[in-house]
Ligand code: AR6
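Next comes just one chain, in structure tokens: the form predicted on its own.
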Amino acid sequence: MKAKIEVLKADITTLEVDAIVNAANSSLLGGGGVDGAIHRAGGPAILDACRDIRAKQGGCSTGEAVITTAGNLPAQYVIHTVGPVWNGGDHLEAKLLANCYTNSLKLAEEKGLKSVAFPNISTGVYKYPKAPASAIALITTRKFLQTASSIESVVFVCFDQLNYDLYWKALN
């Protein structure tokens, strides 16, 4: 099956997909940017589920991913992944960012999900340069989708025009 990849300029919290991905921090307790927006829009059920995960495994490491309910969001699930903080590129940032996409997509596959929406992981407060981050996102996703069985659609959701233009150019 050939999955469709698209780019949207939108608010990820409004999308009707099986799962949206949250650019979370390792505490899983909410933060700024897309993380804060998802927690606010989804309501307390997301935070409660994140607290349960923290109680079991103590948070989420950089490059890893966990899945929770989506609370009040139109999506069914939120996949929380922790992107790397940019430190010049010599601290495995590219590998860790690729792991965010791979591990998020693995969770979606394990749940048999058909549609997943990603934000621009690590390009906000974590300062990952936007152009290489978009390339890593697309290359990693395309590679994963070559062997995926349930995922039919992946959407890269850009909140700002610069990220939208970078993803659209890389995709087309």
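Throughout, we count residues from 1 along the sequence that is shown. All of these numbers come straight from a predicted model, not from anything done at the bench.
The same protein also exists as the form predicted in complex with the named molecule; that form is not shown, yet it is the one meant from here on.
Chemist: The named molecule in the predicted complex: within 4.5 Å of a heavy atom of each of 10, 23 and 120?
Modeler: Checking in the predicted complex: 10, 23 and 120 are all within 4.5 Å of the named molecule.
Chemist: Considering non-hydrogen atoms and a 4.5 Å limit, which listed residue (43, 30, 59, 132) is close to the named molecule in the predicted complex?
Modeler: The residue from 43, 30, 59, 132 that makes the contact is 30.
Chemist: Work out which of 66, 34, 113, 49 lies within 4.5 Å of the named molecule in the predicted complex, going by heavy atoms.
Modeler: Comparing distances to the named molecule in the predicted complex, the residue within 4.5 Å is 34.
Chemist: Hey, of 66-74, 123-131, 104-112, 136-144, which bit sits against the named molecule in the predicted complex at 4.5 Å between non-hydrogen atoms?
Modeler: Stretch with heavy atoms near the partner: 123-131.
Chemist: Considering only heavy atoms, tell me if residue 152 and the named molecule come within 4.5 Å of each other in the predicted complex.
Modeler: Residue 152 lies outside the contact set for the named molecule.
Chemist: Please run the contact check for residue 19 against the named molecule in the predicted complex: heavy atoms, 4.5 angstroms, yes or no?
Modeler: The answer is no: residue 19 has no heavy atom within 4.5 Å of the named molecule.
Chemist: Taking only heavy atoms into account, state which residues of 151-167 are within 4.5 Å of the named molecule in the predicted complex, ordered by sequence.
Modeler: If the 4.5 Å heavy-atom criterion is applied to the named molecule in the predicted complex, 151-167 yields 157, 159, 160, 163.
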